[in-house]
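Here we start with a single chain on its own, the form predicted alone, put down as structure tokens.
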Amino acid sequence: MTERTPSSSNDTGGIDRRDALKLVGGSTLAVALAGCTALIGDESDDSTEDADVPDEPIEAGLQTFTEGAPAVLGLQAQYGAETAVRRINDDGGVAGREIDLDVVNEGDEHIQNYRRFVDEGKDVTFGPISSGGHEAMVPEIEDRGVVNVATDGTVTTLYEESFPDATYSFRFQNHDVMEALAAVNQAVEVLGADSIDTYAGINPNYAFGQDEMALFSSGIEKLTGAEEVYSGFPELGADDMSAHVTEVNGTEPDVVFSSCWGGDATLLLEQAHANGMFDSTDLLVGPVLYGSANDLSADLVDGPIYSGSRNFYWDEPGTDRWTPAADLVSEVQSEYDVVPTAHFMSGYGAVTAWATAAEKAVDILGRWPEQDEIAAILEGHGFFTPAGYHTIGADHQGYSNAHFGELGWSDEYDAAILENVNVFAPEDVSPPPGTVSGDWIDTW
């Protein structure tokens, strides 16, 4: 790591302070910054030790689902955020400041939770899981001016169309177009484009499910010319999906697409098996089915079922070849008795994105940064986690590799696993900067 001499806040060569920070933040520096080195298992010199940094801990707030069916994913995000915080604090903190993390149930109180955090003086906030909640929060985040890094809330239109000029609102996890198109590519690889004539969908009835189905439909129709024969939208948290399974059985599509998650994903697989859906279709592809890995049983993963794992699958590359991931799996199993899923990485990565950006800002400025300065660094910020390398784009979207594989079972881990995992680079499943996803797919 290159040694840096802390500079003053005015040492920007006449360039606007925010623009100067953006230029540095847009570099591809390896950000094994002191205090965050444990996140990637690196050893580097501490170049921030002489900086003007407050003594008190960083106060951080995370909202995620900690109750009910969505907690299958939400607790993973909590475990991930807690693990990142624990590692940072064990390694000396962010520029010497430890992090205190306050976790609350997001429920449907997204704006109220954010307001509470800000009123309590939080330095940064993380979450939520919900796409609708994330979209509702953005105006409040921009008004209050405390940086929020969403763990998920992945609806594609959020930063492409609804809030293209956000300042303080960011997202770590890959957005919907990346996992919907990964599903399209996976289906084509398994069955072949010439063998896909029809498709159907069962997706949750809110922004996320509707967004994912629309993107999958656009992509699969472009690549295969397939026709949609059924599309159903059960309510989030529904207690019965058998009517949708019956509709699928009646149309016998080549491919079924489902973005059901959490307890909904488990219920869909239970009722699909009970009603013989896998005798009526050649393939089920689900971008987030694996998020329920610790909630599934061996009989539920049997069949032609492929799942995405967003920007992290713990065994890709294999833990025998990638020490940071191997160490993470061991630590998570010891601490929480689960295998980490992509939503674990949602929490881990959101904390890491902000922490490495804050420490980079201290490294540059020689003092603790203001909110707008951390926001400027986050635009174009690159950093590592045990999942690999990630960037936060100038458009405030998170960009990482997307993972998709065949659902299987591991007696060793007593949990679902993915086999024959494909890794899709961000540029293969998301549009060029400044391009709306739907417009990009239309050009195929």
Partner chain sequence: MSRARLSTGNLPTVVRVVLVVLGLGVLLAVPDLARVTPLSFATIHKGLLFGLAAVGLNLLLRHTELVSFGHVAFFGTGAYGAAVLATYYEVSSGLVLLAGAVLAATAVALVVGYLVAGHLDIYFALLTLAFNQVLFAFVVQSSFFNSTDGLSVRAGGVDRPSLLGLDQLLVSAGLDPVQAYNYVLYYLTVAILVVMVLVTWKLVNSPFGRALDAIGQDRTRARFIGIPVERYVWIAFTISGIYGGIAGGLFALLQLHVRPEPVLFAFVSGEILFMAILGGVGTLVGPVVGGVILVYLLDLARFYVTYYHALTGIVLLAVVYFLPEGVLGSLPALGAAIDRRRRDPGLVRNDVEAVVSSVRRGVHRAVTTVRILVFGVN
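Residue numbers count along the first chain shown, from 1. As the structure is a computational prediction, the values presented were derived from the model and not from experiment.
The next section is about a form of this same protein that is not shown, the form predicted in complex with the partner chain.
Only one of the listed residues (Gly132, Gly232, Gly303, Gly96) places a non-hydrogen atom within 4.5 angstroms of the partner chain in the predicted complex, and that residue is Gly132. Taking Arg86, Arg367, Arg116, Lys222 one by one, only a single residue has any non-hydrogen atom within 4.5 Å of the partner chain in the predicted complex, and it is Arg116.
Residue heavy atoms within 4.5 Å of the partner chain in the predicted complex occur in exactly one stretch of 192-200, 327-335, 238-246, 139-147, and that stretch is 139-147. At the 4.5 Å threshold, heavy atoms of Glu67 reach the partner chain in the predicted complex. The partner chain in the predicted complex is not approached by Asp372, whose heavy atoms all lie more than 4.5 angstroms from it. Within this chain, Asp90 is remote from the site of the partner chain in the predicted complex, having no heavy atom within 4.5 Å. Within this chain, Thr167 is remote from the site of the partner chain in the predicted complex, having no heavy atom within 4.5 Å. Residues of 98-121 lying near the partner chain in the predicted complex, listed in sequence order, are Val104, Asn105, Asp108, Glu109, His110, Ile111, Gln112, Asn113, Arg115, Arg116, Phe117, Glu120, the criterion being any heavy atom within 4.5 Å.
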